[in-house]
Every structure is written in C-alpha cells, then in structure tokens.
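Only one chain is included here, represented as structure tokens and corresponding to the form predicted alone.
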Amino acid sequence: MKALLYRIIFLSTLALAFDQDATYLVLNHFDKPLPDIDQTLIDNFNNSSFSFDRSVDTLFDDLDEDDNPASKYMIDIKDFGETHRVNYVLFNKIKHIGDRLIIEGMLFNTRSGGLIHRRKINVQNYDNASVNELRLWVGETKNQIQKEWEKERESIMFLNPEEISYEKTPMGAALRSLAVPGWGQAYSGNSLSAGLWAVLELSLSLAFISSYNNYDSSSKSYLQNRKLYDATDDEKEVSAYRSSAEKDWNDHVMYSKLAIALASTTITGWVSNSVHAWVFGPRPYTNIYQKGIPQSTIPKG
C-alpha cells in the first residue's frame, strides 16, 4: 500500500468573497510525496503565513464513498476550527491512476461545518501536474492565480482536438460487436457485458440452428411418408404413413414458426449488442491533453 502524505497548512489570508483577516487550515492528502511542496506554497503565496503539522492521518480516508461529506465531517470541521483557531478548512487530495491524476479539493466553513465548495478533476499526468494543479486550486481559492500556471496547463492541451485520432472509438466497438457479439464490449474493457452478450447470442444461435434442423428433418420426413402413402394400397401401411405424415406436417409447422421467431430474436439481439457496444464504447476524456511539453519551451508572460 502506498504511503499517504498528510500535511496541515495554516493560511492567514484569503481573498475571494471572505474576510481578509480570515485564517485557513489546508489539509493535503497525497498518495505520493511531493518534494518541496511546503516551500513551493510559501514561494507562490508569500503574502500568507504557513505552519506545518503531521498530526492528522485518518480524516477523509473514505472520501470516495461519501455522497455528502459535508454532513459526515461537520463535527470534525468545527473541532478543527476551535483547535487551530481557523475560519476555513481547505482539503486537497491527489491520487495517481495509471497516467491520470484524480485531484479533489473541498473548502469548509469551520463555524458551520458546512461544505462551501467542492472541486474534482481528472487530468493526464503532465509535467509538474500535481504541483501545478495544487497551485491552481489554492490560487483559485485565494483569487491569486498566476498566468504562468494557466499556461503550464494550456501548453499540454491540443489546439485542434478534431484532428486527434483516438486509439479506441465507439464506432470501433460497434463494428467489432457487429462482427462477433461481445467483441466490442471486450474491446472497451467491459469483460462482464462481453461475456453476457456472447453467451446470449451463442445460445440464441444454437437454438435457431436446432429448430431449423428439426424443421428441415420433419419436412423431408413428411415428403417421404407422403410418397410412401401414395405408393401403397395396403390399408395398414396407408394408415401408418398417413399418421406419420400428419405428425411430420405438424412438427414442420411448429419448428418453422419457432425457427422464424428465434432468427428474429437473434438478429435483433445481434444489432442491439452492436448498439450497446457503441453507447458504452470508449470515449475521450473531456479535457484532452498531449504529452507534457518541457517547461523550458513554455512562453512566459
């Protein structure tokens, strides 16, 4: 399990729509250490006073499971306000998942314990992304965002998203499922639905083939019994061939209707499987980023 880094940071001033003399307790919860993050915050927000403490190690651990964190942590937030003599609590969480960063921030009022603002973004892990996104969030809260921070994020965005060719697309998933049921879902990483669609279509197809074979056999048997019926004058054979022919006729009608119904269901399911693959197929992230550009190439000012 990755070690979690928790920091408590006291901010003495905050602009926005609050009192200029308000104090802020900032909690940073990172799944990877950010080197020199303390000094970075001090350097970028030099009009604020910071102090650091490592006494918090469990707060907000199950944040992802909370639909309403404001009510759950209301008492804790009020306690922080009384203990640390602050007006607001600013919480930051950074989680790395593959080449993505899940960054969440929350601003609480310690007097009421209520949640004032919540922010959650999913971005590609570009150069210096964790530090820059933290600066942007704290800067937004303090109404002190510097242009170079915005340019640092903008520098890794594609200027012409329409020219991007994606490795996986919804249409690619739909065409694959149209060829082989479940293939499009597997292509999109949905193994459970891929298996269900594959089993469903395989079962329907086998049932249709079985019904068609029974229909074909009963049809041929009916023609054979009718031919034998017409060719004999023996009363017992006439009765036997007639009974067999009548049974074959009824069977051929039943299996014909069943085969038609199963064929319709199979085709409908096949098309639905392709539509499902397209609807739930892979799609790009809302914010599309290219590989991080070295900071030395980013224009300043």
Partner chain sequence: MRILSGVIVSSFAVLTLCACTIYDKIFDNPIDFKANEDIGIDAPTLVFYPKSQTLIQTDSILVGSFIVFKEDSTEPFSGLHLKIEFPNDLIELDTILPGQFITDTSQSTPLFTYTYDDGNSVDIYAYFLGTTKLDIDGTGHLADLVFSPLATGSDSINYDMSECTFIDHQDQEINIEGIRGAEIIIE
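All values reported here derive from a predicted model rather than from experimental measurement. Numbering follows the first chain given and starts at 1.
The next section is about a form of this same protein that is not shown, the form predicted in complex with the partner chain.
A.B. asks: Answer yes or no: in the predicted bound form, does the partner chain come within 4.5 Å of a heavy atom in every one of 82, 111 and 132?
C.D. replies: No, because 82, 111 and 132 lack any heavy atom that approaches the partner chain to within 4.5 Å in the predicted bound form.
A.B. asks: Choose one stretch from 23-31, 233-241, 272-280, 37-45: the one whose residues place a heavy atom within 4.5 angstroms of the partner chain in the predicted bound form.
C.D. replies: It is 233-241 that comes within 4.5 Å of the partner.
A.B. asks: Would residue 180 show up as a contact with the partner chain in the predicted bound form if we use heavy atoms at 4.5 Å?
C.D. replies: So residue 180 counts as contacting the partner chain.
A.B. asks: Is residue 268 close enough to the partner chain in the predicted bound form to count, meaning some heavy atom within 4.5 Å?
C.D. replies: Residue-level check for residue 268: no, no contact with the partner chain.
A.B. asks: Can you tell me whether residue 223 touches the partner chain? I mean in the predicted bound form, with a 4.5 angstroms heavy atom cut-off.
C.D. replies: Residue 223: contacts the partner chain in the predicted bound form.
A.B. asks: Hey, in the predicted bound form, is residue 175 touching the partner chain, heavy atoms inside 4.5 Å?
C.D. replies: Judged by the heavy-atom cut-off of 4.5 Å, residue 175 is in contact with the partner chain in the predicted bound form.
A.B. asks: Looking at 87, 169, 205, 144 here, can you tell me which has any non-hydrogen atom within 4.5 angstroms of the partner chain in the predicted bound form?
C.D. replies: Among 87, 169, 205, 144, a heavy atom within 4.5 Å of the partner chain in the predicted bound form occurs only for 205.
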